[in-house]
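Presented as structure tokens, the chain that follows is alone, the form predicted alone.
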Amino acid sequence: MEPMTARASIRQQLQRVREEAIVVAVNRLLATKGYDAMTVDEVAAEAGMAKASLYKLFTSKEELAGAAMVAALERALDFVDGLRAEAARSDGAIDSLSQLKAVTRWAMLSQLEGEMPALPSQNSSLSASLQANDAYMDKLIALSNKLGIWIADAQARGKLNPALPAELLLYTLFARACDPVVGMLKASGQYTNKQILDWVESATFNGLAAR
């Protein structure tokens, strides 16, 4: 490798390392403080770099949140693909409803462990930034399609209410990743993670009515 090429390669590697450190910092701050309370100064301090250096890689708070959401969607897709591979090995022994429950539990556990970024439901500048983020939209669509296949199958088999729009079921499952109920139960200090996961999963898939 020629010296100039080697130096360029090292610079690219260093940039990737810096970007990864920033995304990890953003993810942690979004999970613990939320988007509105998070500041760029805090991200720079958490990532261990100057604010000016951070702005060379990410130009805005919205772009930082977008990078964290892309990383979160990548983790979700990796988890879903792992479930699909496991189902293929089981020769159909794992049904679609079980897959959806597993994804829901994973998303809630990620929130409990401070690994799921929390974004406001209403923020026009952030929403516009995310919709303009091709990587975010591509991964969101890919995840929606994969979950949608399981939802359609579970409805066809009578495991999920076929009268409900599939879109409603999809959004309900997405909402579990940032469900305030999960955080409130955790904050009370009275329950284990397993209890919280079991209860919210039951409420999501079985409803609140007595059986």
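In this text, the rigid core denotes the largest set of C-alpha atoms whose superposition between the two forms falls within 1.5 Å. No experiment lies behind these values; they were computed from the predicted model shown. A residue's number is simply how far along the shown sequence it sits, counting from 1.
Only in words, not in the display: the form predicted in complex with a further copy of the same chain, which the text now covers.
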### Query
Counting only non-hydrogen atoms, which stretch in 70 to 78, 122 to 130, 84 to 92, 136 to 144 is within 4.5 Å of a further copy of the same chain in the predicted complex?
122 to 130
### Task
May I ask you to state whether K159 is within 4.5 Å of a further copy of the same chain in the predicted complex, using heavy atom distances?
yes
#### Entry: Residue contact check: A203 to a further copy of the same chain in the predicted complex, 4.5 Å heavy atom
yes
#### Entry: Contact label in the predicted complex: E63 to a further copy of the same chain, heavy atom within 4.5 Å
no
#### Entry: Residue contact check: D41 to a further copy of the same chain in the predicted complex, 4.5 Å heavy atom
no
### Query
Of L57, A175, A45, I149, which one comes within 4.5 Å of a further copy of the same chain in the predicted complex, counting heavy atoms only?
A175
#### Entry: Core-superposed comparison between this form and the one not shown, S98 Cα displacement 2 Å or beyond
no
### Message
Core superposed first: is there a CA shift of 2 Å or greater at Q122 between this form and the one not shown?
### Response
yes
### Message
Distance change of 3 Å or more between the C-alpha atoms of G114 and S124 in the predicted complex: closer or farther compared with this structure?
### Response
closer
